[in-house]
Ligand code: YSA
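The chain below stands alone and is given as structure tokens, in the form predicted alone.
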């Protein structure tokens, strides 16, 4: 078959192609590795010199023409496919838009932020610490030695012999005192973990906010004034609070802070003057420095403020509950 005949047949088959598959088949027939034109080009080596030059020029010219025709036909098919897809997926610009669902702050995050803002306005710095703690920082340095009964009250999740999930945010006190010089005032919010029997008022994890203030002449009067400010600004100006003697290993004296809520007194915080042993563990001389500490459950405050009767709702992930906030 000469070049002229090959051109006529190839052009005809390309024009007759009805889809990209037919076009690709025609391309392989003439320009593929075993195609008709490829065979002609490979046979040039066996032809006489003059014929080789003439046929070579004609074959290369035809190859360029076929490649251009293939590309033109391929582009036409692509445009047809795009036009069909656009027609099928056409957007109706007159249709109302889809409503975007907006998220909101989790009630615990919301209350924690509010508490942080209140204490921040009172000069307290926000500090965080690790949730996986050592036995030393979680118990020993807080005046809770190995034989102390408080360890059984705070039965927790141990990770080996010396590490555990912290039972309170109080270890942050020691870590901060070790690296900073008084006077200072800090709060340490965060999650804590205890081996609790889960029910409407108990969870294996909850959020606590620890406070510490150390100076030369810090007293219980300072503690009372700051906690009154905090609770009234958070829960309402008309609330009443009272201090009652209580015992906590890391403070001396210790107090229970109660709040009158819906006609009954509820325990809200544990607090007191930092025990001398705790100051020593933090590297401070109790003869030179004194301070107070307190701890409050963020979950408990949120339950009261937002009228939630089951702590488990905070951790359920139920959007029907969360969307209320």
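Residue numbers count along the first chain shown, from 1. Only the largest set of C-alpha atoms that superpose within 1.5 Å between the two forms is called the rigid core. Quick caveat: nothing in here was measured; it's all calculated off a predicted structure.
One more form of this protein exists, namely the form predicted in complex with the ligand; it is left out here, but the text below deals with it.
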With the partner omitted here, the residue among 268, 62, 55, 281 that in the predicted bound form has a heavy atom within 4.5 Å of the ligand is 268
Contact assignment for the ligand in the predicted bound form, among 196, 80, 135, 178, heavy atom within 4.5 Å = 196
Answer for residue 112 alone: is it within 4.5 Å of the ligand in the predicted bound form, judged on heavy atom distances?
-> no
If you check in the predicted bound form, is residue 311 within 4.5 Å of the ligand, heavy atoms only?
-> yes
The ligand contact in the predicted bound form: residue 201, any heavy atom under 4.5 Å = yes
Is residue 185 close to the ligand in the predicted bound form, meaning a heavy atom pair under 4.5 Å apart or at it?
-> no
Residues in which of 205 to 213, 100 to 108, 232 to 240, 127 to 135 have heavy atoms within 4.5 Å of the ligand in the predicted bound form?
-> 205 to 213
Go through 273 to 294 residue by residue and record those having a heavy atom within 4.5 Å of the ligand in the predicted bound form; state none if no residue qualifies.
-> 293, 294
Taking the rigid core as reference, does residue 259 move its C-alpha 2 Å or further between the shown form and the other one?
-> yes
